[in-house]
Every structure is written in C-alpha cells, then in structure tokens.
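Here we start with a single chain on its own, the form predicted on its own, put down as structure tokens.
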C-alpha cells in the first residue's frame, strides 16, 4: 500500500503529529484525489492545533485522529467514476464548504451557509498532506499564471472579497473602514484597492501587519492600542466630510471593533460582520446603530460560491491584485510546527504562512517571493 506524509491531530491537546498514512482513494464516485502543491495555515487550523473550547465543541475528541488543513492548491491525480468536469492533471484549489444540494439555501443560491454544509479539515480529513480527497463540485480550476503559494490562499482571499463586495459589489468610489490586521483583513485592503474603493481606512495594532496593510493599499491608518474609540470616530468623520464611511468591515469580533463599526458607518451604510466574538451574544447599540441609521448588516460565513472565486481568479491572473505581501512565511510541510509557532506567537510577527510538501516547490516559492 502506498503511503504519504500527513499532519494529523491525534490528541485533544496542543500540537499535531506527522504520520505516514495510506494515500486516499475517492471517498465517493463524484470525488477526486488531489496531489497537494501548497497549503496554507488558517486561524481555524490554529484553533484545532491548540484544541480550544471551539474545537472540542465543534469537532470533538471522538473524531480524532484527523488530518488538518483546508486551504490548498494542487493537481488532480485521480477522478471518481461519476466525475464529469475535471480530469487528471487539472490545477485546482478547493472551496472548503462542501454544500448539500438539498439544502434550501443551496437551492436559493447561498450554498455556503446550508444546514447540512460540511467543511474540509473540520468534518473530513484535510489537506495538510501530500494527497487528499474531496468532491469534484467544490474544486475550482486555477489559472496557470497563479503560482501555488498564491493559489493556496484563494479561500481566505474569497472571504475578504465577499466582505468587501457584499452582495451587490457596489463599492467603486466609496469609503471604507477595515478593522483588524489578521490575514483576511489585510487581503481585504488589497481587494478594496483593486476594485476601486476610493478611501480605505485601516485599524490595526501590530506594527508588522500594519506595514503590510500599507503595502496592500490603505490610505489612512490608526493603531487601536494607541487611540480611543472617540479619537477613531473623530478621525473617520474628519476624513468623510462628517458623514462616516459608506462601508465598515468588522473583521475582529471584539467589542471595541464592533462599537467602532456601528459608530463610524454613515446613515444607510453597510456593515460587514465577519469577526468571530470570543463570547456571544455581544452588545450592539440597536436603536442608534441600526434602526435610526437604516443600516444594512451583511454577515459573512465563507465565500460566495463561486462568484468571489471567479472574481479573484481574474484579479490574480491579470495582475490587478497582488496578495504576496501578506505571505510572510514559507515552510516545508515537514516543518509544520515552525509554521504554527509563527501563527501563534504574540505580538504578531507573521501574517499568512504557506506549507509545501515538496522541498523544491518550497524553494521556488521562496525565490518568487524574494525571501
């Protein structure tokens, strides 16, 4: 039996192990097997690696052992007998929300939030491995011009694109606040610049990541550790003619960030709610922040399948969007522990970490990124 290397969550405690596992076969007739070329570490992977209360409640120790990972770029090496769209050799990335065709939300055009939707690397073995398997229907064909390290981050980039564009993509010429300096906030700055947002105001707290936000194209910036909510509100009002921003992206989930967004958005503006609160429910000024403002609130859980994938592929392949400043670290899959250490350390000294099963692919990426 042929085997592969895989990063496996074995115990309900901090850490994971590199193990030799059988190379998987298509789990069903409409699934494919993918050889992983690059895979990136997400905040969800960190939750599972640390095994916090969310991991215990969402996955549960009874599901272990399980292969980690869900952000990926790779090559199709085997297709199930009922696959019709993909062929061996196709270069793909993965929409990690495996939607159920029978969900009402799927039939109404929102498959990413279905009742029976499942997630790669959470409900199934993931892609921190040399090979993994998933349904053909969630595979997204990549443009060959997009290198693996960039193709692997399209899943979180899709979160950012959906957060920026909303449902109507009516953002050109508008003003926007983006809170937080995690990777998806930084991607959102780049997307906002690429699609024509006229003024991008960024709030962060880590020096390295705030520098990345400037590289990605923010116009104005404030450090939330060094300012009060009142100072931040006055700053935004001063730069928006006293009206507030057209769109506020809440990407943190903290009380201060939520308060900032509801205060700073103009009347009849839009708030994108993406950040996950450590504790919920979270207080909101319902009357003044929503009702009397006529405020639209857009919750984000995943990507708009496959609208944001299509837009991002075109932006990346055409050179309109360069997300590489957000990719701060590259390691081999064998060195996954160093990658997780980078993601966990505080204060932040990294943004996006990409892993490569193949040493030569890793070295090529380092050369392309100038690292």
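Positions refer to the first chain, counted from 1. Because the structure is predicted, anything quoted here is derived from the model rather than measured.
Below, we refer to the form predicted in complex with a further copy of the same chain, which is not included among the displayed structures.
Within 4.5 Å of any heavy atom of a further copy of the same chain in the predicted complex lies no heavy atom of residue 226.
Remark: residue 266 counts among the residues lining a further copy of the same chain in the predicted complex, judged by a heavy atom distance of 4.5 Å or less. With a 4.5 Å cutoff on heavy atoms, residue 256 does not count as touching a further copy of the same chain in the predicted complex; it lies far away.
Residue contact with a further copy of the same chain in the predicted complex: residue 274 places a heavy atom within 4.5 Å of it.
For the residues 35, 342, 47, 311, the 4.5 Å heavy atom test against a further copy of the same chain in the predicted complex is passed only by 311. 290 is the sole member of 233, 119, 79, 290 with a non-hydrogen atom within 4.5 Å of a further copy of the same chain in the predicted complex. You can rule out all but one of 58 to 66, 312 to 320, 37 to 45, 329 to 337: in the predicted complex, only 312 to 320 has residues with a heavy atom within 4.5 Å of a further copy of the same chain. With contact defined as any non-hydrogen atom lying within 4.5 angstroms of a further copy of the same chain in the predicted complex, the contacting residues in 199 to 220 are 199, 200, 217, 219, given in sequence order.
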